[in-house]
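This document opens with one chain alone, in structure tokens, the form predicted on its own.
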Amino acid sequence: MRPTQTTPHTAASVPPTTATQLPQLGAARNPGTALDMAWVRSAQANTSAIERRVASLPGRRSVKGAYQAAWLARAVSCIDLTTLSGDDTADRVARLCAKARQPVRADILAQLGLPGLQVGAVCVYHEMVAPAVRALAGSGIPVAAVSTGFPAGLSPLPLRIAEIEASVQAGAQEIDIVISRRHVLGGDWGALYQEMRSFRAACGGAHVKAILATGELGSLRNVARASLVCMMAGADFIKTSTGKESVNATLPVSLVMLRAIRDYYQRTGHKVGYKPAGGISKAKDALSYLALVHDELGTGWLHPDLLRFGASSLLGDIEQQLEHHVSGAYSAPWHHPMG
């Protein structure tokens, strides 16, 4: 996989972040295509070249001052603010939704000139969909539900499909499904395609994000092929991880998935979104992912309709960095509570 030639980040590289420039669920749906096995088998991944490419990214793609603040504000707008704990309650979800409505303190947003900044979505388990929908009413922020036997994806297929349908009925506008890893590990691409097609159909009008669980797929080549198959089957986003695996989002995996998205777009004309999830907790990490997306796919993908971060603690670190930008001083994390 050969790096592409790109221009450095400048003020013109990324449009200014304003509340009116943050579309949600605005991208056209990916209708999918027929399964093309020749295309799938042609997907390869040169691991050493990929690792060299991403190792140079933080040093080559550095933004400072006002540009950094603009990029971090853009990252906030692309966060799927997430709680996936066994002790989640309706009250906890309501507090998270309040944070989603105003992810950064009002005084900081006022100084940045971004009073309408919001996150991309709130992501919860099915049982918390209804409380989240109530808490977000009128905000325009969609609710995403993890589904299909999350995180293992090993429950019977009819139950996984029923779970999707129940979450959509409860008001979820996005469904984060998990694929069956065994189909990838066994090279049964037809089974993966049919599974993804059934999930896509069950989602109806809700956008579907296909979680590949890349840390469990065995190789970067498998990641590339699984990405293509899920897009052919109609995934609106491809997502790295559940956040529950031992290895979650990484820059090498991201490069492979972004190249697959670019290949799919060039061949079909259909845009598919990207969601790195798990382990992204620092503002500097978010900047590296934004830079990689910018380099590989261009500024058109730097919006919440085509880019999401699956995260919760990331928001707190970004908020601290934004406060430092406007005040010149860092504050303690408890000044930026999640709810």
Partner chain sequence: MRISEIFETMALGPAPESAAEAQAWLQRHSAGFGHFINGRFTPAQPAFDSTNPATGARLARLSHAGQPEIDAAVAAAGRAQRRWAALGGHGRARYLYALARMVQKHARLFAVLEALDNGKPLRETRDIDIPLVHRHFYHHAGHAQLLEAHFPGQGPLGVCAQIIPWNFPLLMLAWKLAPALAAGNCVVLKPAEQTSLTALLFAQICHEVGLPRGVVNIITGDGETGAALAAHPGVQKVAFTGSTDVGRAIRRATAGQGKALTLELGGKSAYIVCEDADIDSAVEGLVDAIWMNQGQVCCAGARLLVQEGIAETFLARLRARMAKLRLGDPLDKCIDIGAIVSAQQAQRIAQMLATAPEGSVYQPAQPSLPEGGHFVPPTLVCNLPQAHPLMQEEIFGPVLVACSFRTHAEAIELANNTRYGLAATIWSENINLALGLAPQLVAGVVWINCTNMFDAAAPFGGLRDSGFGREGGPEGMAAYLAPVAKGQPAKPVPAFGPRQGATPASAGLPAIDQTQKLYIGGKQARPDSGYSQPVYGAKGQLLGHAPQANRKDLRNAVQAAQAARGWASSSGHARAQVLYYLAENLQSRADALAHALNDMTGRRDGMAEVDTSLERLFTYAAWADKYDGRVANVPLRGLALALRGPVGVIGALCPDDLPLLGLISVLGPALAMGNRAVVVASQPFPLVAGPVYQLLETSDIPPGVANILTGQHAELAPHMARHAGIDAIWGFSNTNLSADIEAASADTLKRTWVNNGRNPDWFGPAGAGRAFLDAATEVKTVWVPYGE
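Positions refer to the first chain, counted from 1. As the structure is a prediction and not an experimental result, all values here were calculated from the model.
Below, we turn to the form predicted together with its partner chain, even though it does not appear here.
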property: Candidate stretches 200-208, 107-115, 81-89, 244-252 - the one whose heavy atoms come within 4.5 Å of its partner chain in the predicted bound form; result: 107-115
property: Any non-hydrogen atom of Ser313 within 4.5 angstroms of its partner chain in the predicted bound form; result: no
property: Gln169: touches its partner chain in the predicted bound form, heavy atom cutoff 4.5 angstroms; result: no
property: Met37: touches its partner chain in the predicted bound form, heavy atom cutoff 4.5 angstroms; result: no
property: Ser281: touches its partner chain in the predicted bound form, heavy atom cutoff 4.5 angstroms; result: no
property: Residues Arg52, Ala66 and Leu302 all lining its partner chain in the predicted bound form, heavy atom within 4.5 Å; result: yes
property: Contact assignment for its partner chain in the predicted bound form, among Ser139, Gln194, Ser219, Thr268, heavy atom within 4.5 Å; result: Ser219
property: Sequence-ordered list of residues in 68-107 near its partner chain in the predicted bound form, where near means a heavy atom within 4.5 Å; result: Ala69, Ala70, Trp71, Ala73, Arg74, Ser77
